[in-house]
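Okay, so here's just one chain, in structure tokens, the form predicted on its own.
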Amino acid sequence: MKNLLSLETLSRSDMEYILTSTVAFKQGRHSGHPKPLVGQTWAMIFSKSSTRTRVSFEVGIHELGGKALFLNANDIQLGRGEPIKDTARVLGRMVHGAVIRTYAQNDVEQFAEYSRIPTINALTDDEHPCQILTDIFTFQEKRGPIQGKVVAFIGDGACNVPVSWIFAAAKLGFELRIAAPRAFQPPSALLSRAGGNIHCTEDLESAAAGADLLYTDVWVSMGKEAEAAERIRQMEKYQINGELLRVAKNNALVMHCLPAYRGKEIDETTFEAHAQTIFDQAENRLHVQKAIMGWAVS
């Protein structure tokens, strides 16, 4: 039994195992692949809304032979104040694994500790490990090994997505540049803890220069809606567009974890020009998460 709670705690060898096994899961989707969840029921506990994460995990559990039990946190006792450790101790006796999308990282960690079943972090305020494993798989599918390459993240550099990119860069040996307003750069303590070849700057062009991948996410993450006006004001120039793309490598990829707000973090023309990559990236959530669940029960 294994848990995916954070890329910080996931070993490089386990990352590489998941990325490698994703190839077989993707290639075998319509011709047959292992079904390690036969006879199992997995709980999906979601406190945050979702499109790609929910659909990809529900379909993935089904295609691995299991059954998905979707539990909106507001519809169970957790939403009425039951401690997460009590919910975990009950579900751990009834289901075989759990996928959790919530606010506090500690909730996912407590659930894993008290449930004693495979637990997967499907997004917290601290990290988004499944997304970044998918992004790396997509890059390698199109451009080969990511080691030694340059990834430029543009926008809110202190949210869960770039934090998971930070830990991945340190472990897989690629350069990560984060272009963000100073108030939205990751804490120095986190960068020191992660190590690796990671640079933060307010200069978009220096971050994008010669990059193999330009990556962005929404400026206003879930739970930050009250800060929307100020966030938009501070980040209005941190956009992926044709002008920025010209300083990257000629064949640079553009990715977005979606949903995308055109005209803010990315312009319409650039989004549509790179839509094939972006929607391949979205599809790959399914294949990577099947590989994660297969790894978790192996």
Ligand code: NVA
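The first residue of the sequence shown is number 1, and the count goes up from there. As the structure is a prediction and not an experimental result, all values here were calculated from the model.
Quick note: we don't show the form predicted together with the ligand, though the next part is all about it.
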Check your understanding: Among Thr201, Ser221, Gln140, Gln105, which has at least one heavy atom within 4.5 Å of the ligand in the model of the complex?
Key -> Ser221
Practice item. Note which of Ile232, Val59, Ala273, Leu258 lies within 4.5 Å of the ligand in the model of the complex, where distance is taken over heavy atoms; exactly one does. Key: Leu258
Practice item. Look at the stretches 212-220, 81-89, 183-191, 170-178 and give the one with heavy atoms within 4.5 Å of the ligand in the model of the complex. Key: 212-220
Check your understanding: So in the model of the complex, does Ser115 come within 4.5 Å of the ligand, heavy atom to heavy atom?
Key -> no
Exercise for review: State yes or no: in the model of the complex, is some non-hydrogen atom of Leu123 no more than 4.5 angstroms from a non-hydrogen atom of the ligand?
Suggested key: yes
Review point. Any of the heavy atoms of Val161 lying within 4.5 Å of the ligand in the model of the complex?
Key: yes
